[in-house]
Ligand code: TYD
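In the form predicted alone, a lone chain appears below as structure tokens.
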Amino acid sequence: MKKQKVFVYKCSSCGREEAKWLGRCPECGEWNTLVETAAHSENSARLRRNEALPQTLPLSTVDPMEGSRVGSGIGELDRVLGGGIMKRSAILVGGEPGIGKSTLLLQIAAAAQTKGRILYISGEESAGQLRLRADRLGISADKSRMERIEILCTGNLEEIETVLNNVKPVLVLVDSAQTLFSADGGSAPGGVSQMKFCSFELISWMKEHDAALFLTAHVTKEGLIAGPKTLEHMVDTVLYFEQNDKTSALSGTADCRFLRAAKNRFGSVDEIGIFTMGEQGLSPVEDTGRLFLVRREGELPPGVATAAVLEGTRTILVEIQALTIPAKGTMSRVFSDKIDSGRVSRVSAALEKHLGLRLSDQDLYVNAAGGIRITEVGAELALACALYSARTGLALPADMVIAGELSLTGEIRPVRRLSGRVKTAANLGFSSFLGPAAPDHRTGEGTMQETQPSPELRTAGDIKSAIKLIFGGNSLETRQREKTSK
């Protein structure tokens, strides 16, 4: 007799399985999410493919070339990935709708430095739409690149696996993870169970066939990748595609896109890739020196400071803008999305404690020109100077670049790659640089005086001496002392 099929009830929110239906999931607490699903044994998928049992092998017999990388053909993407696409790796790219995820995948398919076949799987667009995008990006002009790209427009996992076994691609690009579905996945396409099941099957195929996988995914309104958190644990690399909030004609950063790594098993997560979106698609930005500096003539307005920020291995000069106004309520507030608001609060507290600059009754507005998000501690001294300038109305010198970490005790701590920051400021024509005076014992770098002689180097051990070096007799402390003597 035919064996009766066994069913279980699986939660569409977290994936928990129960033997009987429950109104509320015991795992995530969601109501009415348990859906009847066919139950399979753990080895059913492997048995269906008639695979042999796994075998162990000594580490000494492993070929080191199995961990080699393949160039994506896009320099900024290779920088973020750590040198290229690692074989047998799965890469998840998340971003808002319309930010350019599909464009990035198609450009990767065209520029990847590999001789093998490339499979582009689209569950969102038709083949005609993909050809129109390829014509707009200029990819169709190169027939050799077009011939190696195979297109499959479906989200059905069974059909995708059949094509994978026939084509044997070395690079697979899936757009997107939310469109994948399988009869064995349980709930409707886009659900937690479907995304986990389908993504796991594709990742398993990549690991076994010496290929690489790119998956795109949409994000929620909070900016996180939509779907189960397990998906980020299954892949090797998680990339976030971001966009500056608004077009800035002054700084020239219109349609600027940032590619960041939130997880990378084969490289650093400190690197950032910068692109501009145009008629020819995404164009990597090689020279980022003045990309985030506002183009203006004359002196800087109060509340503006130029910071030398380290993004991975390169230095970027960013204009930090600050504004202080009397608080509208009984408590002051901090408005800052490009720099962590907690960091802004700590810096303002240090200014109030060590300089007597009253900021507790002010609403603080902080912004980074160009829409870049700053997480590096080397921007804290520039942030402090911008807040001081905004509160006192004293403008900073237009030719000065600032870098340093500010501690709660008011001391200016050393930062990494100080000599590289000074060199970048000199190459862009800045005549003075303000930074910490103490050596960095973590990296072995010496004091500011040991770096190159240009531009003029100014060192400070604490925030008081830094403010005196910048403003001299016009500082708040000097004016208060003169007022007291009178």
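Source: prediction; values computed, not measured. One rule holds for the numbers: they count along the sequence shown, beginning at 1.
The discussion below concerns the form predicted in complex with the named molecule, not included here.
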Just one of 76 to 84, 232 to 240, 132 to 140, 396 to 404 has residues with a heavy atom within 4.5 Å of the named molecule in the model of the complex, so point it out.
132 to 140
Name the single residue among I203, M277, I151, V163 that comes within 4.5 Å of the named molecule in the model of the complex, judging by heavy atoms.
M277
So the named molecule isn't shown here. In the model of the complex, which residue out of G298, G98, G128, P326 has a non-hydrogen atom within 4.5 Å of it?
G98
Should T392 be classed as touching the named molecule in the model of the complex when contacts are defined as heavy atoms within 4.5 Å?
no
Quick one: does S102 come within 4.5 Å of the named molecule in the model of the complex, counting heavy atoms only?
yes
So, P228 and the named molecule: in the model of the complex, are they within 4.5 Å at any heavy atom pair?
no
Even though the partner isn't displayed, in the model of the complex is G281 close enough to the named molecule, meaning a heavy atom within 4.5 Å?
yes
